[in-house]
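Okay, here we've got a single chain as structure tokens, the form predicted on its own, with questions on binding and movement later.
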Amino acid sequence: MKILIAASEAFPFCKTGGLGDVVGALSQMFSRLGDHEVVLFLPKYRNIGGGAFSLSAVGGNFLIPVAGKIETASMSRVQWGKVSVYFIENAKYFDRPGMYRTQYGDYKDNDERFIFFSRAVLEGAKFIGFKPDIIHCHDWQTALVPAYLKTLYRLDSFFVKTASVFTINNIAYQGMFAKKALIKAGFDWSDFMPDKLEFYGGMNFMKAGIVFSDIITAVSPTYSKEIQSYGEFGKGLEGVLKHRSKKLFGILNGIDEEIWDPASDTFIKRGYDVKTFAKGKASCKRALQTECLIEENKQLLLAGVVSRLDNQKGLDILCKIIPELVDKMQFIILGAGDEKIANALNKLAKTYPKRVFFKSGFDEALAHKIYAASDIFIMPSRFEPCGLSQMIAMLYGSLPIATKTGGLKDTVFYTGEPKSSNGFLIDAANEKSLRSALGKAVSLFKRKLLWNTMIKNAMNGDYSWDASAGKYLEIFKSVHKDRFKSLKF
């Protein structure tokens, strides 16, 4: 198959969060599993290029209509293993300090930026002569691609055999704009209907992807069910998703075990595996306690957090109960985002310097050290589409304390019996539930045989991309076959 992946970010080229990790990993996995030709299309942001990746220009340019004007697109490329990565270039839209926003908020022309990118994905494929069997799109930034295929490009012979798959990584970010975005994008007013592009008087890019794609996927089985329910999960799109439920599949994300492997991790003090974790984790714990200037004490439960500071992640709940727990445990927290949560964590770190450490921002080396050194890993998320952190934590022998939602529910198991548990689950993201789970962890930590049993369960789990990528490819083959059958010659 010829697979074109369209996304707004992909590690190691550009990344703001889990979306970048997912797109980067899937691109590589698709190219390794079977005889598939894989290309990845990304915007050419300001900081892309140089370092380990030297881009080469693709000669020429092509034109993209946006908002009644004609914009020029050019391309550069790099070969990344078996994946050909193409970057869509336009200084007006992508030569900026941030990918989506500044510290003051989202770019006001994000609708135009990703209208341009979505059209450029299709025109770019034609420009390089790559006829995709599947275009795999991710989140609102590329959600217009399936809509274009079914409307403006429906008679374009270049894409006559092309099917689209749209993946929802986080439905909380939908790309909602005023209705004039419809005209900027080049759609007809006949498409501005409740069953198509209209959304409460405006235009919702994610809705476009859901309505027009051939197949929809969500990043965990539980999340695919949750987003069809009313309330905080569906975020207003539950009705549309329910209508397309037969075309909606939940596929659990995986982690890149070449990057995340405690046995070969060069960031941590001492490598270890499931047979040597006792000495390895103890060494990593001492080293991190020393580095963070907190009390060096192997008897204290060490809780780690590596997270975006956001209301979704429930860290405001953790902030409220830390003062009750500092006599029993320690906390090392790394994250950036919400200023109010960051200020609360800074205050806690200053008040309890021997028990609480907080660093604002992201530090790759410190993240690895936290996973390796911590005894537990706290994720009291209000919702979590999939989550990668709990899987990384378990691979490193750090037992998650996580809310029973989305991918957390699909990967973390707590039965009340250590022999059949790999972490701790809380029923709801609130102070009472989190306090109770932390209390259980503190008590069980003293019973080393039972605790170590849970660590072994966690470390023995399969968190690789192999099975998940295989499920995507099965869907790609199926939908392409159906698409081909439906053609009339």
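Start at 1 and count along the sequence shown; that's the residue number. Note that this is a predicted model, so its numbers are computed, not measured.
There is another form of this protein, the form predicted in complex with alpha-D-glucopyranose, and it is not shown here; the text below is about that form.
Engineer: Flag this candidate site as yes only if N170, V219 and L388 all have a heavy atom within 4.5 Å of alpha-D-glucopyranose in the model of the complex; otherwise mark no.
Structural biologist: Checked in the model of the complex: all three residues contact alpha-D-glucopyranose.
Engineer: Counting only non-hydrogen atoms, choose the one of 342-350, 378-386, 87-95, 71-79 that falls within 4.5 Å of alpha-D-glucopyranose in the model of the complex.
Structural biologist: Partner-contacting stretch among the options: 378-386.
Engineer: In the model of the complex, does L19 have a heavy atom within 4.5 Å of alpha-D-glucopyranose?
Structural biologist: Residue-level check for L19: yes, a contact with alpha-D-glucopyranose.
Engineer: Does alpha-D-glucopyranose get within 4.5 angstroms of any non-hydrogen atom of R119 in the model of the complex?
Structural biologist: No.
Engineer: Just checking whether K313 would be counted as a contact of alpha-D-glucopyranose in the model of the complex - the rule being heavy atoms within 4.5 angstroms.
Structural biologist: Looking in the model of the complex, residue contacts with alpha-D-glucopyranose include K313, since a heavy atom lies within 4.5 Å.
Engineer: Would you please decide whether N253 lies within 4.5 angstroms of alpha-D-glucopyranose in the model of the complex, comparing each non-hydrogen atom pair?
Structural biologist: N253 belongs to the contact set for alpha-D-glucopyranose.
Engineer: Consider the chain as shown here, without its partner, and state which of R308, K150, R101, K225 has a heavy atom within 4.5 Å of alpha-D-glucopyranose in the model of the complex.
Structural biologist: Looking at R308, K150, R101, K225 one by one, just R308 meets the 4.5 Å heavy-atom criterion.
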